[in-house]
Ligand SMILES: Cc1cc2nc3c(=O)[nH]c(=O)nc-3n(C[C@H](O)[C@H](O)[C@H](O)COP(=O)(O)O)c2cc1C
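First comes one chain, alone, set out as C-alpha cells in the form predicted on its own.
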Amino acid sequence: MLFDPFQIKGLQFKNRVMRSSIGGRTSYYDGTVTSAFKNFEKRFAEHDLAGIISATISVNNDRTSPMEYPKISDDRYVKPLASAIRAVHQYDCRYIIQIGDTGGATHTSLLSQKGDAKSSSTLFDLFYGYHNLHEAMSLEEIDITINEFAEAARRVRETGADGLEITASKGYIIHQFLNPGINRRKDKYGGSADNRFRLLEEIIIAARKKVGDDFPIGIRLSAAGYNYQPLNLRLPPRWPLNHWYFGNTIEDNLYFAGKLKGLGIDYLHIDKGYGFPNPKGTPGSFPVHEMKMFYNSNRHLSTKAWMRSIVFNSIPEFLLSPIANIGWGYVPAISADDARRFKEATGLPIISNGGYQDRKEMEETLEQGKADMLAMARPLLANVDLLHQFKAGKSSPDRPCSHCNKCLVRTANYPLGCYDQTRFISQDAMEQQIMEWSADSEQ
C-alpha cells in the first residue's frame, strides 16, 4: 500500500508518504524565504515523496522562532513562497503550508520582546519559551490572532500551495488554549472543553471564509497531551491535578476531532505530546549537549533563560543526561494506534506522524487501517532517498536515522542537517552533508 495513490478532497497524492513539518534557517532575517528554502524543499520532492508539509510558517509578524524561519504575515511573503512551491510541483509533489503562532513557547529572539510571552494564561513554564512568565492574551489580542490566521490562510492559497494545515499541536498558541493544564482562563476561551476549543473554531471559520470550500484544510492535532513528559516545572499547579499532570487525554482530543469534522476539516494530522520537542512527538534521545548550546545562545533574554543555561552548564553531561532523558526513547510508529482511533471516530483521512522508518512497520500501519498516509521528517533528513531504497527492495535504510534528535535543536542556531557523527565516516563527511542540503542540485 505504501506506493498506492491516495486522495484528499480532490487532491491526488502519488503514494502514501509525506515529509512532515521540518525547517531550518533558510529565510532572510525578515522572514522572506530564500533560494536555500526552495532548494531544501525541492531536494525532498526530487525523491518521490507524495507531498511536503512546510515548516510552521508564522502568521504573526513579530513572533518568529527561531530567527531566519519563514513568515506569511504580510502579502510581500507570497511571491517568494510561490516560487519555491513551483519548484516542488515540477516533481509531481504536493505542497501543503502549515501555519501557526508559537505564542508563549517562542524559543528565542534578537532581544526580549513582550509579545513573545503571549499565551492562553499567565504561568511559569520552565522548559518552553524564554520569558519568565507566559502572559494571558486579552480578548482584543485574541481577535487580532484570529485575523492573523485568516489572512495567512488567504496568502497560503495565493502562493499556489495545494492545501493549508493549521497546527493545533507542538505546544504553540492554539495548543496553549486547548490544553487544560496550560489554559487557566475564566472567560469564554477557558474552562470547559468547548470554551478551550473556541479559539481554534473561530480560526477555522475565519480561514475557511478566506480560502473557500474547495481548498483542503487539515489540522495537526495531538492525540494526547502527556504534560508530564518531558520533565518540566510548570507553576502554579492546576486543579484538578490530572489536568495539570496529563493535559488533554485522547478522549478529550477525540471530542475535539468530532467538532473539527463538523467544521468541515478535510484531514487530521495526528502526533502525540505537548510542546516541541517532546518524547512522544519526537521519540528518541534528549540531546543534552545540543540543548546546552541552545540555552547558551539565548541566556541573555530573561532570568529564566539565564538560569536554564547555568544549570545545564554546571552539571556534567554524564550526570545530566540520564536525568534529562527520563521518559525519552525511540518507539516505532508511536502514534499509529491513536491515529486509528481518530480514523474510526471521524471517518476523516488521517496522517500519522512519529516513529516511521522501517518499511514493514509502515506497510502494516496502512494495511491495518490505522492511517491513510504517513508523515516523517528526521528519517528523510538522514536518508532523503528512503523511498528509492524501499523500491530497490530494502526494508530499512543502509544508514538509518538514529533518532538522536540533535537536528531538532541544532536547527535553532545552525544549518539543518544530520549531526549524528556515528552515521558518517568522518566529521568532514558529516559537515559536507549539512552544507549541501540547501544547495541547488541542478547546478
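This structure is a prediction, so every number in the text was calculated from the model and none was measured. In this text, residue numbers run from 1 along the sequence as written.
There is another form of this protein, the form predicted together with the ligand, and it is not shown here; the text below is about that form.
Shown alone here, Phe276 lies within 4.5 Å of the ligand in the model of the complex, counting heavy atoms only. Remark: Thr282 counts among the residues lining the ligand in the model of the complex, judged by a heavy atom distance of 4.5 Å or less. For the chain shown alone, Ala45 is not a contact residue for the ligand in the model of the complex, no non-hydrogen atom being within 4.5 angstroms. Put simply, Arg378 is close to the ligand in the model of the complex: some heavy atom of it is within 4.5 Å. Exactly one of the stretches 302-310, 78-86, 130-138, 354-362 approaches the ligand in the model of the complex with heavy atoms within 4.5 Å, and it is 354-362.
Taking a 4.5 Å heavy atom cutoff to the ligand in the model of the complex, the contact residue among Ile52, Val59, Cys407, Leu386 is Cys407. In terms of contact with the ligand in the model of the complex, the residue from Arg196, Lys118, Arg220, Lys370 that brings a heavy atom within 4.5 Å is Arg220. Proximity of Ser27, Ser109 and Asn298 to the ligand in the model of the complex is absent: no residue of the three has a non-hydrogen atom within 4.5 angstroms.
Using a 4.5 Å cut-off on any heavy atom, none of the residues of 185-215 reaches the ligand in the model of the complex.
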